[in-house]
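Encoded as structure tokens, the following chain is the form predicted alone, with no partner shown.
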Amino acid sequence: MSEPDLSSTPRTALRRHAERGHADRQALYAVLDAALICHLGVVAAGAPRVLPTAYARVGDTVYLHGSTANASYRAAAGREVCVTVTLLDGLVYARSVFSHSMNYRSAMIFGVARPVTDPPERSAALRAITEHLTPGQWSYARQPTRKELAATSVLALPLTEASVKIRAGGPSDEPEDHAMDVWAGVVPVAVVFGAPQADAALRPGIGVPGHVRRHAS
């Protein structure tokens, strides 16, 4: 059975460049699964705050990782929040300055952030976040202690109200500008992982594990 399309709401309806919107839920999944960092928007102490944070998607839920000492996370628990994810794919050079742009994939999610207190769900969420950022590391490294878990905040946000916006392709110059002797095109942008760098305190004889080598290649 196919997943239902994203529902348009007053908060998710695209009013500028609506043609870049994607209602396919799989497009939302693809953006969330490809990015590594999200931004959590919340009102704390009467002022808006935007916090970059680690996350992972599990089905139709996004789990956010933070510290219990973080004021933004405490303010977000049980409150309306906005989470955004953006992937920059290219810089678009146009013949006119006005027509310059970027190629990107982005998602915006609205909802009430639910504090995750159930131990099995917390463990599954933390594993998902760890594996999203560093595949293979959850079963390789030491598991969290009770003290570490107590210092960790996990929020859950359902993917019930979200929008996806994607731009791809070249510049959208005015037809009369095509006669100008000005270069136009796209400079692609990509995230590249470099060679693993060992910790200075690493004991001799410990090699780079296969899952790290595969992730960095």
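Counting begins at 1, following the sequence as shown. In this text, all values refer to a predicted model and were calculated from it rather than measured experimentally.
Unshown form predicted in complex with another copy of the chain; subsequent notes refer to it.
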Test of understanding: in the predicted bound form, would residue 171 fall inside 4.5 Å of another copy of the chain by heavy atoms? yes
Using heavy atoms and a 4.5 Å limit, would one call residue 152 a contact residue for another copy of the chain in the predicted bound form? yes
Under a 4.5 Å heavy atom criterion, is residue 167 part of the interface with another copy of the chain in the predicted bound form? no
So in the predicted bound form, does any heavy atom of residue 100 sit within 4.5 Å of another copy of the chain? yes
Could you list the residues in 170 to 195 that come within 4.5 Å of another copy of the chain in the predicted bound form, counting only heavy atoms and keeping sequence order? 171, 174, 177, 178, 179, 180, 181, 182, 183, 184, 185, 186, 187, 188, 189, 190, 191, 192, 193, 194, 195
